[in-house]
Ligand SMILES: Cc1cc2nc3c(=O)[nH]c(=O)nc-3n(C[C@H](O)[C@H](O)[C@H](O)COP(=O)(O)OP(=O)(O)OC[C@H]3O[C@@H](n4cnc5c(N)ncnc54)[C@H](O)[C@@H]3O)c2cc1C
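Take a look at this single chain in C-alpha cells; it is the form predicted alone.
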C-alpha cells in the first residue's frame, strides 16, 4: 500500500493536493495550517492541523517530518507557494531525501517508483524526473478538486507547534491585491504591450465582462508599466492558467509568457503582427488591430447572449 502526505497553508490547495495524491496513492494523509473544507477531506486517512502563534515556515518542519516518519509515507506533496517552497526544501533536508520542484504532473510506476513532469528552460521543454523511495514534491496550482465518495472525512488531530523564541515578528505589512484567482478562471482575456495606453484597458475589461472572464496581462504590463497588479500577470514567474478559453490582445507570445498558458483548452490571439510568436501556439489567430477587432467582438458576444443578431452588432 502506498501512502501520500499533502501539506499546504492554503485551504484551496489542500483540496487540489488531495485530488492529485488520490490518483497515485492508496492512502492520503493531510497536514494543514488552516482548516480545509470538509469536501477536501472526504476519503483521507488522517488530518493533522498544525497550530502556532505567528510561526515562521521553518517552525512547521519538525512536525511535518515527524508525521512523514510516523505514517511511513512514500511521497510528500507540498503546494508550490512561497511558504510551501521553504517548507518543502527544509523537510527534504531533515529527512535526507530528494526534492522535486514545480511538478505539473505526477504518476506512480508500479514496481519502479515514481515519475513527475516539470517545465524547464522557460517552457521550452518538459523534464521527466524518476525516483524510487521517499521524495518531497512541490506541486503547482490548478488541479481541480475531484469528487470522492470513499467513507467520509477523517477525524482531525490538532498538533501544537513549538515556535523558536529566538525569532520574532516585529511588524507586518500587507501588499494590496485584488484577490483574483487566475489559476482557476474558466476564461481569461490577457493584454500585452500591444495596448497603446492604460486607457485601452477598458477595451479588455469590456470584452472580459461580455465573456464572464478574468483580465490578465503579460509581465511587462504589470511590472514595467504598472497598469495591472502583479497577481494578474501570466508566465514562468507569474501565474500558470488552464482556462477553457484564453484570448490574447496585443500579446507577442514570448516563451516566458506562453509557458503559463500551455494547459489552456483554446487559445485565441489578436495581433497586428502576422509573425507574432503567440500565433504559433494559437488555435485561432486574428491578424488585425485589437482596438478595432476587440470592440466588435465584444458587441457580437453581447448580441448573441441577448438573443440579437451578430451582423447587427458588428455593423
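All values reported here derive from a predicted model rather than from experimental measurement. Numbering follows the first chain given and starts at 1.
Not pictured, yet referred to below: the form predicted together with the ligand.
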Of 252-260, 22-30, 43-51, 56-64, which is the one stretch near the ligand in the model of the complex, taking non-hydrogen atoms within 4.5 angstroms as near? 252-260
Sort through 157, 197, 127, 237 and report the residue having a heavy atom within 4.5 Å of the ligand in the model of the complex. 237
Would you classify residue 219 as touching the ligand in the model of the complex, given a 4.5 Å non-hydrogen atom cut-off? yes
Wondering, does residue 288 line up within 4.5 Å of the ligand in the model of the complex on heavy atoms? yes
Using the partner position in the model of the complex, report whether residue 192 sits within 4.5 Å of the ligand, counting heavy atoms only. yes
According to a 4.5 angstroms non-hydrogen atom cut-off, is residue 270 in contact with the ligand in the model of the complex? yes
For a quick check, can you give me the residues of 102-119 that have a heavy atom within 4.5 Å of the ligand in the model of the complex? none
